[in-house]
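Listed next as structure tokens is one chain, alone, in the form predicted alone.
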Amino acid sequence: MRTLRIRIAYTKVEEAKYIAHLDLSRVFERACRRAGIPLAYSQGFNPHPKIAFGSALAVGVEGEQEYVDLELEKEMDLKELLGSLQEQLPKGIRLLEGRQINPKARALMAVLNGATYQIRTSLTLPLTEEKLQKAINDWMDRSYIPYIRYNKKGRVEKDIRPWVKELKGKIKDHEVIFDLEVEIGNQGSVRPEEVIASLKKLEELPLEMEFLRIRRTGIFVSYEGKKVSPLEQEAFGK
């Protein structure tokens, strides 16, 4: 059976930032069912709707432009689909754009390989702009930046420096606003809070770590030196 594949860009902000990634699929499934959208289902003993997301957001992190693929079992007008679906989604999830893509296009998780974040945090002591910029430059000049993670195997030391492509910061009033670009993908990545925690520790910055405000400002395909939206490139399915 030929199916129709729709790729949608959406926000995940305000109250919606507290929806865990595993629950997000249920939110979209329920919204599609209420909106009368004919989702396609997998085959087998336990069929599930064909809904696939890009890289997961941690609970509490906002997303300005996230992506999801929906596979439909029959044709449906795109404008009608987006309008009906939006009516059933919770506050904070706003559909920005959608388009039909090649059913054989590679999955979002397979093509999305870059992300940008904005991180805001308060200062615990006065800090000059000059000292902040020196600290960022010194951190970026390091060839190896260890960070300790804990998993089922116990304590693991990871080098997070290769994942960080760009880090900028500025002081505004009594807080610091960081802009971060990282590489993401199946091989791993680095969390924004890990970067800021490492910067604070290694460069001895007076940053408040308990109440970081993190927003993913973009997630994209880094392709031939350009940052490309997955809505723009059906070529990735070839």
Partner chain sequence: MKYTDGAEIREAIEQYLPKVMKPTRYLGAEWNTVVKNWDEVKVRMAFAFPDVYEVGMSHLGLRIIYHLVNSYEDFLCERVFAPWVDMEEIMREKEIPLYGLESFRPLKDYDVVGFTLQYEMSFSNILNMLDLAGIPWRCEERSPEDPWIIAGGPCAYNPEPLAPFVDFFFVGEAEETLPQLLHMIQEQKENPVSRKEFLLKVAQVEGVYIPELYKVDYKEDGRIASITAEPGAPKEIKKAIVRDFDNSFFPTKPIVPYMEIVHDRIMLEVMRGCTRGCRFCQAGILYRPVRERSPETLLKQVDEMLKSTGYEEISLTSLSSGDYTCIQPVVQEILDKYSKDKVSVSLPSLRLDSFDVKLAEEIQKVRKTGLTFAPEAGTQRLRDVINKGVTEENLLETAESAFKSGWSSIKLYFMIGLPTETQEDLDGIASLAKKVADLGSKLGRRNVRVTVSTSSFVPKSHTPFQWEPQEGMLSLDRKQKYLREILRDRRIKYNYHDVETSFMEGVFAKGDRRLADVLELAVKKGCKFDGWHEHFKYDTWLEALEEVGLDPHFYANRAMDYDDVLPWDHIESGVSKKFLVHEHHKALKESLTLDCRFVDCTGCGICPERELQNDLKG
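Treat the numbers as computed from the prediction; the structure is a model and nothing was measured. Residue numbers count along the first chain shown, from 1.
One more form of this protein should be noted, the form predicted together with its partner chain, which is absent from this view; the next part is about it.
Task: Site test, D23, V27 and P90 vs its partner chain in the model of the complex, non-hydrogen atom cutoff 4.5 Å - done: Yes, the whole candidate spot contacts its partner chain.
Task: Position in contact with its partner chain when the complex is considered in the model of the complex, options K50, K201, K170, R34, heavy atoms within 4.5 Å - done: Looking at K50, K201, K170, R34 one by one, just R34 meets the 4.5 Å heavy-atom criterion.
Open item on the list: E73 versus its partner chain, in the model of the complex: is there a non-hydrogen atom within 4.5 Å?
Closed with: Close contact exists here: in the model of the complex, E73 approaches its partner chain to within 4.5 Å, heavy atoms only.
Open item on the list: Residue-level question: is V221 within 4.5 Å of its partner chain in the model of the complex, judged on heavy atoms?
Closed with: No, V221 stays farther than 4.5 Å from its partner chain in the model of the complex.
TODO: Would you check, heavy atoms only and a 4.5 Å threshold, whether A56 touches its partner chain in the model of the complex?
DONE: Contact with its partner chain, no.
- [ ] Answer with yes or no whether I19 is in contact with its partner chain in the model of the complex, where contact means some heavy atom within 4.5 Å.
- [x] Output for I19 is yes: heavy atoms within 4.5 Å of its partner chain.
- [ ] Please name which of the stretches 180-188, 193-201, 207-215, 63-71 has residues with heavy atoms lying within 4.5 Å of its partner chain in the model of the complex.
- [x] Contact-bearing stretch, as computed: 207-215.
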